[in-house]
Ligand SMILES: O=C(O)CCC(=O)C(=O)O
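Read the single chain below, which is given as structure tokens and is the form predicted on its own.
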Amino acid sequence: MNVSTPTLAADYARDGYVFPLDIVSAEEAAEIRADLEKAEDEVRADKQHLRLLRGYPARLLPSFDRLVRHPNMIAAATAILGPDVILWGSGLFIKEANTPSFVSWHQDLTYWGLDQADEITLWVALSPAPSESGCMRFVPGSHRADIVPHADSFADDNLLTRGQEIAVEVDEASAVDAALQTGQASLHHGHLFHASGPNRTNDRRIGAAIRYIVPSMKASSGPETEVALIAGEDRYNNFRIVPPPKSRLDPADMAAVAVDAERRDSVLYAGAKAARG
């Protein structure tokens, strides 16, 4: 599906998601993946740097900064959020080949500390994401619910930070598999019920979750929270707007991201009995 499809906003309003969206070519996605995996190898000896790379790739890799500013990404984001868009964050969800890693049923906005729901996630497939590799699953229309109770599990194989899981019944029978080809994306609302299963294929399943919000939003982490202006203008000054990465894995960028990650983690793990990256 092209990002300029006339029904994109209406489909999103009805279901809480849209997929598949053609974002970049398979070749472009392969180049971004190769850059990521090279960076993983370069920082693997430092667990903190590896965590920051996977949690904030657009702050550390120019290739990901270009992805979050790609015209197709901006077209999809502005179709839903309007002309003014900032990048709240970027993060990688990686399931290694033939592993039990999964993502439990949850709503994205549960622990982020944002005061509004004007947020969307564009989940970009940097490797094939069929059902067999644990593609995302969506419950149509569930975005109309407010945040429902969640429980923390901190399960070892759960890729979510707190292992958070919806604590009310989920109608899994109605769930839709959001299978994607390399370079495609899905778009979903921050209240949508979604999950994903284990990767039963021989390739890594790599997804980049790119999160956009409107500038009028505020965050519990405060106005020092660092974001990037992607489209339009920021007339509110509710966040600190930062420029693209100085260079690939720049030490100053890495240090700044570490401070911002602590600021965000203080909100993300508030009230939790444990914490993990």
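Note that residue numbering begins at 1 and tracks the sequence as displayed. Fair warning: this is a prediction, and the values are worked out from it, not measured in the lab.
What follows is about the form predicted in complex with the ligand, which we do not show.
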Close approach of R211 to the ligand in the predicted complex, 4.5 Å, heavy atom: yes
Exercise: A175 in contact with the ligand in the predicted complex, heavy atom 4.5 Å: no
Interface membership of A77, the ligand in the predicted complex, 4.5 Å heavy atom rule: no
4.5 Å heavy atom contact, D84 to the ligand in the predicted complex: no
Options 142 to 150, 166 to 174, 98 to 106, 69 to 77; stretch whose heavy atom lies within 4.5 Å of the ligand in the predicted complex: 98 to 106
Site test, F93, S196 and R205 vs the ligand in the predicted complex, non-hydrogen atom cutoff 4.5 Å: yes
Heavy atom within 4.5 Å of the ligand in the predicted complex - residue from M136, L180, L187, L126: M136
